[in-house]
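Coming up is one lone chain in structure tokens, specifically the form predicted on its own.
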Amino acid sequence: MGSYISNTAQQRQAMLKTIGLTRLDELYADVPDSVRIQSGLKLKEGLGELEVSRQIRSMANKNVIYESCFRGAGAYRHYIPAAVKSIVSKEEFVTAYTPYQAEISQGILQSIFEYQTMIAELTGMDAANASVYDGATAAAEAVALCQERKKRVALISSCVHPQVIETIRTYCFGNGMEIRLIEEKEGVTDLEQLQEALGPEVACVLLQQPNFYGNLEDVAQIEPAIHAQQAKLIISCNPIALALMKAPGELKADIAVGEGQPLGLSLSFGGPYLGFMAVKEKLMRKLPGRIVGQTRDSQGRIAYVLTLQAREQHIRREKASSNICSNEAHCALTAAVYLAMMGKSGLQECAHQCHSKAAYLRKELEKIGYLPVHARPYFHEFVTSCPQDVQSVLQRLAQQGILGGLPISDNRILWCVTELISKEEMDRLITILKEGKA
């Protein structure tokens, strides 16, 4: 991109000096060397478009795409109706940008409004936003939202996704909040330790439902104690699971957050994804990100506008209560179209298949010595022991075109099953694992 940026080399060097750096590559110091291109793509000079396209395709073919996927841990392969991609690929959606001028942005504003309405209904909350990067960012923003002058401690369950916890740590490093982790006990949050940790200084408690291990937390048991201390309850949830489970609103959560990728977004090598965030009415004015409201114009026609807060609230740097200002509207549109295409019954069927197929695989794995680690209710993920070396097992599966579960220790695997996995695929997995034991 260097040749397309109008800044001179001297200007770029001056900017680097201002932030205490000397070289451009120091900006990417946190990116592992193993995934960084060190000396360009090594293409010959003077190639035409066709030749370059062929070479790039050849490079892309080195990527491994598995026939069967038994791994989730925050990113899930679901069926996406063909109409979803057809609709969201329309030029008027793809080229739309930030809808600050309502007069010329009614289409994109309505799409955001519909998305927010669906998320609020799905989570059982009163208001939802748009423009949150991903589920981890949504959780971190929710924790920051709860901060008060005398309440600057966040209790985070150790059963929350590790990457979400790290994102929250990054935010709290900057805003001065203290994180206290609550330990895991038998695959769920240790509620006794959580009860003891509650105090007047606690601003919020974050639980994940289902949690990182796939297990369901007993939110109803701890909720009264959380609110007795005037702390906020944040639930990070899987949107597909909400088709079968109690919504965060039913569980008396103050804030619901989560990763919207299962709602019609492909895995896409890790993004872009979509964070969703919804709150009860009393927190509505604290909700970060873009919020669209419905009103009427001077002629009485329905109209849509950005509402409740000005855009400038999010660009006041260190004085802002939130730093969300990206345009995630196209991902939100995709989620809205997916939910509209699936409908209530379709989403419930998807969730039902996820759970029932996971139950089948768990039972079959147990028969061959991959024993369930936790005796807890679950949705579509679960942890088993591994009677052999985990890495050798996963490598053997990979050689057969199967992405096995996520290794979470030397002898444990986190498995995931979605509606896209057939019985034949599960039976083939079991057969390969049995042959490896012979």
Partner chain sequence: MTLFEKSQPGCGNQLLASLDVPTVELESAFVRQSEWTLPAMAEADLSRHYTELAEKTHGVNNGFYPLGSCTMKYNPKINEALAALPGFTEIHPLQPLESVQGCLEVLYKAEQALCEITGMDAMSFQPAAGAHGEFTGLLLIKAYHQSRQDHKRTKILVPDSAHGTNPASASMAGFTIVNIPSNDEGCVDLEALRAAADEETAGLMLTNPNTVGLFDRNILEITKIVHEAGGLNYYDGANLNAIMGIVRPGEMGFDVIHLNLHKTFSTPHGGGGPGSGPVGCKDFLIPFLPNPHAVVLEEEYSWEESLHSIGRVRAFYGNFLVVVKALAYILTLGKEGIPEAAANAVLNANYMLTKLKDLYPPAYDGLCMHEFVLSLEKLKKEKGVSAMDIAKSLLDYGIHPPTMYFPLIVPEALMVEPTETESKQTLDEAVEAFRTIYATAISEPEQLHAAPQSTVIGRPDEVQAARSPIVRWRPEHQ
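Rigid core here is just the name for the largest C-alpha set that superposes within 1.5 Å across the two forms. The shown structure was predicted, so the numbers you read here are calculated from the model rather than taken from an experiment. Positions refer to the first chain, counted from 1.
There is another form of this protein, the form predicted in complex with the partner chain, and it is not shown here; the text below is about that form.
- Though the partner chain is absent from this view, in the predicted bound form it lies within 4.5 Å of a heavy atom of just one residue from Ile234, Leu333, Leu155, Cys159, which is Leu333.
- In terms of contact with the partner chain in the predicted bound form, the residue from Leu145, Ile222, Ile291, Leu198 that brings a heavy atom within 4.5 Å is Ile291.
- In the predicted bound form, no heavy atom of Asn411 sits within 4.5 Å of the partner chain.
- The partner chain is not shown here, but in the predicted bound form it comes within 4.5 Å of a heavy atom of Gln106.
- In the predicted bound form, the partner chain stays beyond 4.5 Å of every heavy atom belonging to Gly369.
- Using a 4.5 angstroms threshold between heavy atoms, Ser266 counts as touching the partner chain in the predicted bound form.
- With the partner left out here, the partner chain still marks one of 179 to 187, 222 to 230, 107 to 115, 198 to 206 in the predicted bound form; by a 4.5 Å heavy atom cut-off that stretch is 107 to 115.
- Contact residues in stretch 81 to 102 (any heavy atom within 4.5 Å of the partner chain, taken in the predicted bound form) are Pro81, Ala83, Ile87, Lys90, Glu91, Glu92, Phe93, Val94, Thr95, Ala96, Tyr97, Thr98, Pro99, Tyr100, Gln101, Ala102.
- Positional change of Asp25 between the shown form and the other one reaches 2 Å or more at the C-alpha, relative to the superposed core.
- When two forms of a protein are overlaid on their rigid core, residues whose CA moves 2 Å or more are considered shifted, and Ile65 is not one of them between the shown form and the other one.
- With the core held fixed between the shown form and the other one, Arg428 has its Cα displaced by under 2 Å.
- Legend note: Cα of Ser34 to Cα of Tyr133 is at least 3 Å farther in the predicted bound form than in the depicted form.
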